[in-house]
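Just one chain follows, in the form predicted alone, and it is written as structure tokens.
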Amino acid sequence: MDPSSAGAGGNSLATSSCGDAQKRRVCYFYDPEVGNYYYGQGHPMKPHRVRMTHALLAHYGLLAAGKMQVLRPLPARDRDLCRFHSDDYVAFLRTVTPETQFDQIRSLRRFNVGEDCPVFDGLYAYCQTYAGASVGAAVKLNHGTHDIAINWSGGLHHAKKSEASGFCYVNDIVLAILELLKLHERVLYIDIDIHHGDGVEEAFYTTNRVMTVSFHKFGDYFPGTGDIRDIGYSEGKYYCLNVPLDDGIDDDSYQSIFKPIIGKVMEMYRPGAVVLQCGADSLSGDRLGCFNLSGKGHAECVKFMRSFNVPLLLLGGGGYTIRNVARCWCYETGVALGEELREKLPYNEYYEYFGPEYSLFVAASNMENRNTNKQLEEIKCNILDNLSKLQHAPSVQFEERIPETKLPEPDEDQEDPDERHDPDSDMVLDDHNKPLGHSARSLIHNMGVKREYTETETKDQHGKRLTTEHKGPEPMAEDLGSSKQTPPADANAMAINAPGNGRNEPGSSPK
């Protein structure tokens, strides 16, 4: 099969940066302070990469008026974060500092904060910033004012309800998906980070309103989850797909499995919105990665998803060779916009990082591809077989229509009617910061994402695992039914002017 034609409904654009001729309305979230946060000396995770990406976007002219709307996110509040995370965990993140952490040893252990997820100056503000951007981007998509929303500082997919993991503290992806579920019956999550998207999978393991699809390195590799046999539970059975891959996978092999699987997912599941986590540690030459994707091969996933013309949220994720991360996400922003970007990098304040080639395109290497065609075909057939067991349009009948315009009743418990945020809505500000008198009530208010279940692990007589212990949210059925309604008033954002490695390495539990 020709990889470029695999799958239903998408268009491959091997020769085009945009995916198709149609322009998309794109918004881009960026906080100028995000690059100042510092995990610590020697730590692989460097938020500075997001600032480098922004600099490339500026010098390629992608931030100019008329290209895309550039927004500065408003920080997520405690109540926003507690829609998924536990109250005590959020309170800990808010109060812990580098100076006080040694007085809270028990809490550090309880919440898995330490070497891989260290306490650093501004930790909570950092979490508020990237989470606020992802939720704000989701609200923009809900309003229908934009087709694609981008937050390269987000995509921290390992964070759990009550603990940090793999450089991730707050799971902005789960929060953004919960926002999208206020409007859309079904949301598709796709993860192309080299590491399994375990935090997001766990959060939606028991519901059919979110399908999670993760393409990742599997084996003796962090976080150690993502077996092809993990397919969801209860109402979520077959709505969790895991694609385990081996070292050295290249562009052709990756697309030969990505496009048929995702094409079939789009045909069978028919999501109202798609969240694509674009972790750049699956690129060739990553400090913690072991895949062999080129920048163009990685971006082909973005092109393919763009071609379906479904509301699309693009998020960052892993990526630890920062010159490659910046080039990858800059190129993929161009893909979202439908812009052809020249190979030669424009001069910028980080120009010396990109030598000696000074090219936008991240090249693949000659490393061995340990994924045979036979193995990939077996994985693909297994996944497609699981997809064949799905019912079309689960939960509710799917139809394209304009959401109801009637506003819900105002919140009687709201103390101040002019308060900037409504308690049940992540975002209510428009881009001019005008307070609004009404706001949409959350369908998933006090949602049962904090209820956990434990499935006891069992083994057959040969010791083979039959079921796996898995903790995660079990959304209440009444909360995850039909949810077409008016979205929140507007995104948590302010318009801003555009400016003219290995697992055993310290701190290497990757994101």
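Keep in mind that what you see is a predicted model, and the values were worked out from it rather than measured. When you see a residue number, it is the position in the sequence shown, counting from 1.
Omitted here: the form predicted together with a small molecule. The next part is about that form.
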- prompt: Are all three residues 157, 277 and 318 in contact with the small molecule in the predicted complex, where contact means a non-hydrogen atom within 4.5 Å?
  reply: yes
- prompt: Does at least one non-hydrogen atom of residue 195 fall within 4.5 angstroms of the small molecule in the predicted complex?
  reply: yes
message: With the partner left out here, check for me: in the predicted complex, does some heavy atom of residue 236 sit within 4.5 Å of the small molecule?
response: no
message: Check residue 202 for me: does it contact the small molecule in the predicted complex (non-hydrogen atoms, 4.5 angstroms)?
response: no
task: Please run the contact check for residue 59 against the small molecule in the predicted complex: heavy atoms, 4.5 angstroms, yes or no?
output: no
query: Which of these residues, 168, 123, 190, 312, gets a heavy atom within 4.5 Å of the small molecule in the predicted complex?
result: 168
query: Since exactly one of 116, 332, 80, 185 fits, which has a heavy atom within 4.5 Å of the small molecule in the predicted complex?
result: 116
Region of this chain that lies against the small molecule in the predicted complex, out of 242-250, 367-375, 262-270, 157-165 [heavy atom, 4.5 Å]: 157-165
